[in-house]
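There is one chain below, alone, in structure tokens, taken in the form predicted on its own.
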């Protein structure tokens, strides 16, 4: 094998690397490596002068491949591979040695970190010496997008994509779109009616010629890759034809089954056949099979008998619909942390202790009490209400370690709404500190404190319980050092936000990552905040992290713009670092077929065949094969062996 001429470039990254690693020593060590004909260090290799120095060195020294010892390849691999291409090299003969995240940032001892950086760089040199020139794989693009989740994030993303002329399939698991925003009374800081600003968008979605709305549906399976995903969607039967339904309520009036109303958070009841709320889209009733007395066989049938237009059809069956799309937006939203987890707050068993969304339904004109703030226990007006912030949030010992971001603001909103409904009432807010980062937010909180007379008490609540028809709240005011005891008519908990139920399953289905708190993980927190780690799948709204409505809408628009940019290209480029099969060694055992998480391998004539468009080069197949019959290009067994040898030398 002809020895290749390798160039090594070591980055100081300001002090990110240089503070812990002796960069000059790494550069000198690499200069003595076999095959290395050029070695250089630079303060900021990713800067314009730094990149130009790489290009010039490749040309001046007739380099065959390069190694950049710098930060994570997730950040700058494309940058330096583009430099190599500009200098006349094949871009896949450029390797990144990560000496920042994997070395400088995890060590304190400079000698140890420097020795490790040398080994990491040496292993990359060995790998680069056996890299092959590869060409990207051209992939056709399906000009259609899938949006999962019909809350404000999904609605905004779908409209933005559709308005750019791209077809959209909007999938929502509930019988209507709208999400949690439709449960709100008003929105901060302007106190707009949530229904007033969201309902027009819901109607626009239902009427948009480029949007196919699929409610009461769930994504079951996703295969393929960026530009060419194949999606299987289960559409559950509503047992009501929306084209025929007149929303007359005759069916619900005769239904004998009464169950808690999910839209009102259990504060009201509904029938087994129901419409979720007045502004529901689609505007049609749904028969809840889980609540119905029975459909197979039919045990009641009263709703069908009452329907004059014949809209009810008990013979509807689930449908599995297959769609091909080029990109996916995940906007599966949030749920509130369950009261049952908060034993010190009554564990959901104390009357008149509500969560934030339940209080919204009390304040809403379309809610449980038609806009009158009344105690659920006896329907009387509460004269003293305690609002408790950070319930389940910022508590790494027992609950959620993270700040849920919007609780300070929605508690201030709740206090203002309460004072509007009950002017002679008294509102207390227990808080740790106030986080009001947003346009007009601080002023909003100040108005709650000063103009509305809400009493803010800095401190935690230790316990609450029912006593003499009231809720006794025990807490401490840390500013005065005094214990506080309040007999409240009602308590409202600002519960933490957490990923919606089913987020874990959809993450597995889509093969995208989640962070330590269960939210969907972005590819890079600063540079790629709406991109998942899987190409072609984008994130929007509270599925990614807690956020308010303006931020959710902005992120949905950002995700939509990424989709539009992606699908506007005639073809996409797929990385050629994919698996290849040595037919002479393959026995057709199918172990690689089973191991592949992307379904990219199948058997033909008793031999494994790789679909290069689906393959992501993860190496699961290579690690599984007992005969070394399959390996990933530019990550061969020989390269891995030499990298290990270099590290152990």
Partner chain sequence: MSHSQAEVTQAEASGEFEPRIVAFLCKWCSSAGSDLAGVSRMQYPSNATPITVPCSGSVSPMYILSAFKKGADGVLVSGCHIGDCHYIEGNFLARRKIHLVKELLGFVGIEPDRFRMSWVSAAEGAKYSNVIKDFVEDLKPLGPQNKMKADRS
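Note that the structure is predicted; figures quoted are calculated from it, not measured. Positions refer to the first chain, counted from 1.
What follows is about the form predicted in complex with the partner chain, which we do not show.
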Looking in the predicted bound form, any heavy atom of residue 569 within 4.5 Å of the partner chain?
no
Interface membership of residue 465, the partner chain in the predicted bound form, 4.5 Å heavy atom rule:
no
Using 4.5 Å between non-hydrogen atoms, is residue 19 touching the partner chain in the predicted bound form?
no
Spell out, yes or no, whether the shortest heavy atom distance between residue 597 and the partner chain in the predicted bound form is within 4.5 Å.
yes
Among 533 to 541, 468 to 476, 231 to 239, 307 to 315, the region lying within 4.5 Å of the partner chain in the predicted bound form by heavy atom distance:
533 to 541
Among 29, 46, 610, 55, which has at least one heavy atom within 4.5 Å of the partner chain in the predicted bound form?
29
Select from the listed residues 439, 379, 516, 299 the one whose heavy atoms reach within 4.5 Å of the partner chain in the predicted bound form.
516
Each of 72, 624 and 643 within 4.5 Å of the partner chain in the predicted bound form, by any heavy atom, yes or no?
yes
Judged by heavy atom distances of 4.5 Å or less, which residues of 74 to 112 approach the partner chain in the predicted bound form?
74, 98, 101, 102, 105, 106, 107, 108, 111, 112
